[in-house]
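Below sits a lone chain in structure tokens, taken as the form predicted alone.
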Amino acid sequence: MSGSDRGAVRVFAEYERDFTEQADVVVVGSGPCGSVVAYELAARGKRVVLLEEGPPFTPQDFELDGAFSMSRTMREAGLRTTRGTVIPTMQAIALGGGSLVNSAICVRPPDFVFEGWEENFEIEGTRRADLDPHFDAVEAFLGIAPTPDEVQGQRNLLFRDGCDALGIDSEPIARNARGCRGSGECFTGCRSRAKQSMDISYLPAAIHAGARVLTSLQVQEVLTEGRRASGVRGQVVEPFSGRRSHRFQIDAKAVVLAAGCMATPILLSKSGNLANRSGQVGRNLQFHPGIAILGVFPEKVDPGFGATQGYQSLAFLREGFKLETLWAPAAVLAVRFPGYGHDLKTRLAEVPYAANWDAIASCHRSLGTVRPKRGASLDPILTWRFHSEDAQVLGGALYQIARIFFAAGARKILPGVYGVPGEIHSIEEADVLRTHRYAPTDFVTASNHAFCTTRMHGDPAKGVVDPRGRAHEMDGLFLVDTGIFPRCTSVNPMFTGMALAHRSAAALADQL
């Protein structure tokens, strides 16, 4: 890569032939973790090439139709699910990765999460106090701040009011957004460009510092020379169709895999089962299964206005769940509505009076695997089983959401859970949510928070990387996505992933 080539970005239409490039570091994946590493290394004067399989999107490309939007921005057209216990899970394929289509939530896990990591996985130097300087650096760069009241909207503020009435601690959600207008369009792309997704924050800064960002490139193999990672190779892929064309190779002194906890283990497996002496690559898959309740109020809520997710309660983290407000396109919400025909139309007519609040659960007993398919496909085979005791944790969360709804003045709620009434009209009726014994299959749940498939561990025989993301058995290979979490974070994972990536970038820079 010549000096004149540095600081460029390339899109699909610009690839005309096979090519090879050289770099100090090649970063695979442009999501939050990969973007942090690319910027930090480029800012230190390293020659960085960042590769992304998906295309860039602009506000003109964003579509409010949820199904159409997901078909373009998500892998497997947004229809990816697990086997075993079926749970939908969506991973982005776009410049900026998941930051383009998530709710911009940035929450620091409490001390007890990191204490558990250190105590159970023989990890040192990864307590909250150790990571706070890295959280601080990311926070300052992105302008992370609590969601202001003026863009909360009624559906978020009603959650606050219900918590206040019950004496439950709650707070505005801190998000990487500047000048949010409360459009509630986070999932389909922020047309106002207020959300500081990687494509308008870290990646432009990395490019300005000299990094090259090459989109529409599918990495298919990590190259090695003895015990050292020496680069990657793959093919150009056409956006949306996935059609493969020209071949490429990037030779580098170090390889950083930030492809996500689904794709990184597949890539390691397809590269000759790299970094897997421990046998942990692709194992220990964990999710934050999420459930939501729709509450209907006597007066209009106008839920279309307000930050997608603007308020939260961390009061129940030690009990295994976090509570949040939530909004999504009406067509997505309607999937959970009971009834059809006239009954369904009646429920849809209540949407202007409704709010949707959710919980995500820390399910340490519910584990799965990520395995490669035969042939050339890089899509994973996902298997996961929802443990019956973790299902009770979600049941406890349902009851707390119900309490908050009725304390806020809701006239009814729609739990959307098998085995309990389709509508509940009072806190007395809601007691069934507390006493019911739930089966894992009772819930309509999903999760886009996934972790642990290339976990860190102090013992190389029990984990894939050390706390700095260095592969235990392969020099020059770093893993920096949420797959390296030894356990889930109890809160939304993006901020933690970025803080760990910030620390990994410093460790990698020191050894180049």
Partner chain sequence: MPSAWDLWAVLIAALLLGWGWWRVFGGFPRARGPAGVLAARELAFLAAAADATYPEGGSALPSGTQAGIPAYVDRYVASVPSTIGFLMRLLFFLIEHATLLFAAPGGGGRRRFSSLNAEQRSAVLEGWGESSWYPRRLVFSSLRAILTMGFFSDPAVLRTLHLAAKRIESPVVEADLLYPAVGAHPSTIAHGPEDLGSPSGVPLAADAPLHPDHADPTG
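Here the structure is a predicted model, which is why all the values come from computation and not from measurement. Numbering follows the first chain given and starts at 1.
Keep in mind that the form predicted together with the partner chain is missing from the display, and what follows is about it.
J.: Heavy atom within 4.5 Å of the partner chain in the predicted complex: which of Ala145, Val296, Leu223, Ile207 fits that? Just give me the one.
T.: Checking each option against the partner chain in the predicted complex, the one that comes within 4.5 Å is Ile207.
J.: Only one of Pro338, Gly272, Gly242, Gly409 comes within 4.5 Å of the partner chain in the predicted complex by heavy atoms, so just point that one out.
T.: Of the listed residues, the single hit is Pro338.
J.: Taking the partner chain as it sits in the predicted complex, is His342 in contact with it (heavy atom to heavy atom, 4.5 Å or less)?
T.: Result yes; His342 sits at the interface with the partner chain in the predicted complex.
J.: Though only this chain appears here, would Ser192 touch the partner chain in the predicted complex if you measure heavy atom gaps against 4.5 Å?
T.: Yes, Ser192 lies within 4.5 Å of the partner chain in the predicted complex.
J.: With the partner left out here, check for me: in the predicted complex, does some heavy atom of Pro55 sit within 4.5 Å of the partner chain?
T.: Contact check for Pro55: yes, within 4.5 Å of the partner chain in the predicted complex.
J.: Tell me, yes or no, whether Glu115 is in contact with the partner chain in the predicted complex, where a contact means a heavy atom of each within 4.5 Å.
T.: Because no heavy atom of Glu115 falls inside 4.5 Å of the partner chain in the predicted complex, the answer is no.
J.: In terms of non-hydrogen atoms within 4.5 angstroms, which of the given stretches 312-320, 296-304, 272-280, 253-261 touches the partner chain in the predicted complex?
T.: That would be stretch 296-304.
J.: Is the partner chain close enough to Pro110, Phe121 and Leu394 in the predicted complex that each of the three has a heavy atom within 4.5 Å of it?
T.: No: none of Pro110, Phe121 and Leu394 comes within 4.5 Å of the partner chain in the predicted complex.
J.: Do any residues of 73-88 have a non-hydrogen atom within 4.5 angstroms of the partner chain in the predicted complex? If so, which ones, in sequence order?
T.: Contacting residues: Glu76, Ala77, Leu79, Val86.
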